[in-house]
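Consider the single chain below, provided in structure tokens and representing the form predicted alone.
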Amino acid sequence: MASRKESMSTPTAPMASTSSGATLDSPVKQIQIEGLVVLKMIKHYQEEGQGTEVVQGVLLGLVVEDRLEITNCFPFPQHTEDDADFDEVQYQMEMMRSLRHVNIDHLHVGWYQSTYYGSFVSRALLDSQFSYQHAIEESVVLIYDPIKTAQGSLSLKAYRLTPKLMEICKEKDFSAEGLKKAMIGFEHMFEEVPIVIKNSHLINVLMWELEEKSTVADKHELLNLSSSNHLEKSLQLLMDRVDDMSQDIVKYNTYSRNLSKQQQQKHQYTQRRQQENAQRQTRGEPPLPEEDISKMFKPPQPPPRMDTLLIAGQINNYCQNVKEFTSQNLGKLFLAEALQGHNS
């Protein structure tokens, strides 16, 4: 069975009764994750994730003041569109019920998802996180980037929807006027929450012993000057999203022109009716009956602006990835130049 792709990834939020039900006095300011949870997510992707396909799962834990503690997780099972009988909500409820029976934290606090070169800003993620955050206020989504992690540093980030975006999603007003009134830009859609990975003292001692006994050489050549295909792939994805943005801009410009043209037609029609009524009045004839102009001139349907904001947010994410990658490579080049000059 194949894993679900990102375009199909719409995990269902649980009912609010699965959480503690308490309303937070302040938003979540920090996330504390058990090291075992991180290992489970990495293992889940290594077993089921392939290429552009993403893996998803449920986060369990509890809230302590303004800190969200994630203590356990479990993956969504693989299923295809043919598995029509599969019920995600029922599966989640059964899993949490089983964890409660063995005295493991079972409160639902969010979900996680892997990403492909940072391509996670999408409408599916927005809708899913809104469902989670609307049902459980402290919910977060963890984004795990296996490609960055394979280069030698763990890439794990936590996001929440901003209060402004939550209000827009509740009202479902994604028009240009609604977004402008709420002053929503792509930089005001998601807020990143800092993450702290915590291990018990016994696990820290075990890791220290394993590190001393390990005979595996370090495979990450940190001063390697050759550039991997990470930059090339990121630029290719960036160009694709820029093309999508240009197409959305063309659609909106076409809508603006059609709307302006219709306004002119309505104005000309109104003036013509006024002139005809004035002529009929001079001839002693009754004026023409009033007509509903809105029915005669139906306004064109405006294109959705939320998709454009999501594209802009994804472009910004790609730019940040390229900036981070190039800054590291430039640092290596300057360091190599200094070493070469010192040796010569």
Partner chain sequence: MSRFFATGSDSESEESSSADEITPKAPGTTFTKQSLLLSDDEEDTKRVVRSAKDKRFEELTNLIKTIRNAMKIRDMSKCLEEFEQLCRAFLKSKTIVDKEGVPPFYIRILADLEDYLNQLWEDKEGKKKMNKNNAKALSTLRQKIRKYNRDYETEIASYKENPMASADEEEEKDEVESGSSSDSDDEPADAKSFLKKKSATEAPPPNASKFLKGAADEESSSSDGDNEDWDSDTSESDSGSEDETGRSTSMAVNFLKKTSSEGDRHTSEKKKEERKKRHKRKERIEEEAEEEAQEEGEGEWEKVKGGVPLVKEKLKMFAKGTEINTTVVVKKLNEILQARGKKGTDRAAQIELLHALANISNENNLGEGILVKIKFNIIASLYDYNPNLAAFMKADMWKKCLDCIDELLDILFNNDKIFIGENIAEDSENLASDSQEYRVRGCILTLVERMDEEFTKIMQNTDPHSQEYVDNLKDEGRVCGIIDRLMAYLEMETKGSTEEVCRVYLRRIMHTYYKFDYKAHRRALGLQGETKSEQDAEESEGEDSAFIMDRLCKYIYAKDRTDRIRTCAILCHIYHHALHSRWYQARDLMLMSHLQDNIQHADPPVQILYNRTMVQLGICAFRQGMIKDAHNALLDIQSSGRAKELLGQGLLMRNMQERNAEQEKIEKRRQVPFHMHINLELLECVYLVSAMLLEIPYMAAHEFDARRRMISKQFHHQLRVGERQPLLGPPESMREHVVAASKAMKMGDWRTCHSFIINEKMNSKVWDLFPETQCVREMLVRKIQEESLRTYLFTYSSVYDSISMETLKEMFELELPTVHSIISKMIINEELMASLDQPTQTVVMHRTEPTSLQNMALQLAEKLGGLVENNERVFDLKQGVYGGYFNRDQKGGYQQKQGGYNRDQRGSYQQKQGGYNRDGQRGGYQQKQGGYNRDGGGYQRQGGYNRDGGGYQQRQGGYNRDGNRGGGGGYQGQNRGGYQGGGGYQGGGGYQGGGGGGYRGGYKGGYQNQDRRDY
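Positions refer to the first chain, counted from 1. Computed from a predicted structure; not experimentally measured.
One more form of this protein should be noted, the form predicted together with the partner chain, which is absent from this view; the next part is about it.
K.L.:
Could you tell me which of 239 to 247, 134 to 142, 193 to 201, 266 to 274 sits within 4.5 Å of the partner chain in the predicted bound form, going by non-hydrogen atoms?
P.N.:
Answer to the contact question: 239 to 247.
K.L.:
Quick one: of 94, 232, 209, 187, which gets a non-hydrogen atom within 4.5 angstroms of the partner chain in the predicted bound form?
P.N.:
Looking at the other structure, the residue within range turns out to be 232.
K.L.:
Under a 4.5 angstroms heavy atom criterion, identify the one residue in 252, 159, 117, 174 near the partner chain in the predicted bound form.
P.N.:
Of 252, 159, 117, 174, the residue with a heavy atom within 4.5 Å of the partner chain in the predicted bound form is 252.
K.L.:
Going by a heavy atom distance of 4.5 Å, is residue 257 a contact of the partner chain in the predicted bound form?
P.N.:
Judged by the heavy-atom cut-off of 4.5 Å, residue 257 is in contact with the partner chain in the predicted bound form.
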